[in-house]
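So this first bit is one chain, no partners, the form predicted alone, shown in structure tokens.
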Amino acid sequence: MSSFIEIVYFAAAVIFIVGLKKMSSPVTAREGIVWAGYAMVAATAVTFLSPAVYGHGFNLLLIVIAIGIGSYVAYRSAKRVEMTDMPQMIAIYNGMGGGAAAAIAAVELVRFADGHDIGGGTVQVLAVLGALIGAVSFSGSAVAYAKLQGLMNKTLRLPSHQALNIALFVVTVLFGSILALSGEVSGFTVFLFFLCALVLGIMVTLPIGGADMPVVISLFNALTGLAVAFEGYLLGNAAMIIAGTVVGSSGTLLTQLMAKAMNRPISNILFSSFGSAGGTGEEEDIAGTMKEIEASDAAVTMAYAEKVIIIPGYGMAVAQAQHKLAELVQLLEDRGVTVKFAIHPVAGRMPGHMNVLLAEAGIDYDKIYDLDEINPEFPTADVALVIGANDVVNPVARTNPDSPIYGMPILDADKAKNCIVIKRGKGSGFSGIENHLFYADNTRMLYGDAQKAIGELIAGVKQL
């Protein structure tokens, strides 16, 4: 039976990796997720055949009840969640993974405190590392969820915040070292260690603003995977080791790519407020004024264009305007207009947020381009239509060395012949930096909710 379990674990691990590969393309992403889901079900089911689980009566019943409750809650919440709320759902579910890894370590460390042998040496060290990483990921992800859900301020920085974090980290590592290296510990030491680790996760995440939250969620996802891999080693579970390693490595790569897209080191995101990566934080004076345009005039400009590039942002997601946008795209293409979509790596509140929304509305994948592919085409575009995006199209990132976002790769919307910006108001984006694109000579502002504004554009095009 042990050999059969290991074979299933190995097969599940292979499918995890194949599923992850399929997720690299929007065309096969759903198939990859389904495959990985089946593999996880198989790995979970075969675990019940393990001698450590099978035949343990009441404990087995508790496991079944927990799986049933968790599955029901996850299914109901996943069916009801809006696409705009998807980032916070990912944050809290990811945190639960870290919490589960920390809970496994907690059980083993309590057993160790009671005098049981949990393996000693390397196993003991990995148990503590998994506990630390999992607990930090759990509490940090909970804070990220609260911020994205609007339950907490985007940023909250205490006096001498980073000094407090350093002191807390040192104390947590001290307790962890005692647990990892001592031959005998008390349950109270275990309690203090987990308390410090949980508070550390909260303290690290509190000062991080909304603009940086996608990177933070990705980082915590990587940490959760690492914690699961460590606890898999603790339990001697190959499936946990492989799955955790895959999640940890892919999450780390994604975090690095997103930080690069913002031109900010990860350390700056975690330990500084937005904008301290470079520049003095001083903004140059803005020349010109915002110039408003009527929806009917914008419709004429787009209808008689040869090429239109659309840049969606979080404003589109909030307004749930992707279906109206798909209708507008169809009308323009029926008139012979070439329409393409430009997606910034950190558009929205999580990686791929805009891609998912456009796919939901039936936009063809071959119309969607990333930053490096689409930027050379903006000078030949008759219209760049910006919908709710802000910082990712701000030209000061190229032109002003003193700007907090200087050096961040942006979409070159300002280089199009005409730029139309759909925006609810005149406020700045998540970073709090004024967007110079809105004041450019070739830019016109179409104010209002994105769904309503696009509806007016549709009506305007139909009248032509």
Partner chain sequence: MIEGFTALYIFMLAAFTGYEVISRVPVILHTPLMSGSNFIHGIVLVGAMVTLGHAETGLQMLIGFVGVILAAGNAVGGYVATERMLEMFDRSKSKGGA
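Under this definition, the rigid core comprises the largest set of C-alpha atoms superposing within 1.5 Å between the forms. Everything quoted here is computed from the prediction, not taken from an experiment. Numbering follows the first chain given and starts at 1.
What comes next is about the form predicted in complex with its partner chain, which does not appear here.
- Here the chain stands alone, but in the model of the complex its contact with its partner chain, taken as any heavy atom within 4.5 Å, falls in 363-371 among 195-203, 174-182, 363-371, 388-396.
- Contact check for 161, 266 and 436: none of the three has a heavy atom within 4.5 Å of its partner chain in the model of the complex.
- With the partner omitted here, the residue from 316, 128, 144, 101 that has a non-hydrogen atom within 4.5 angstroms of its partner chain in the model of the complex is 101.
- The contact with its partner chain in the model of the complex, taken as any heavy atom within 4.5 Å, belongs to 36 out of 410, 419, 405, 36.
- Although the partner is absent here, residue 136 lies well away from its partner chain in the model of the complex, with no heavy atom inside 4.5 Å.
- Mapping the unseen interface onto this chain, residue 353 counts among the residues with a heavy atom inside 4.5 Å of its partner chain in the model of the complex.
- Taking non-hydrogen atoms only, residue 116 approaches its partner chain to within 4.5 angstroms in the model of the complex.
- At a distance threshold of 4.5 angstroms between non-hydrogen atoms, residue 75 is in contact with its partner chain in the model of the complex.
- The partner is not shown here, but in the model of the complex the stretch 64-98 reaches within 4.5 angstroms of its partner chain through a heavy atom at 65, 66, 67, 69, 70, 71, 74, 75, 78, 79, 80, 81, 83, 86, 90, 93, 94, 96, 97.
- Residue 407 is not among the residues whose C-alpha shifts by 2 Å or more between this form and the one not shown once the rigid core is aligned; its shift stays under 2 Å.
- If you fit the rigid core between this form and the one not shown, you'll see the Cα of residue 27 move by 2 angstroms or more.
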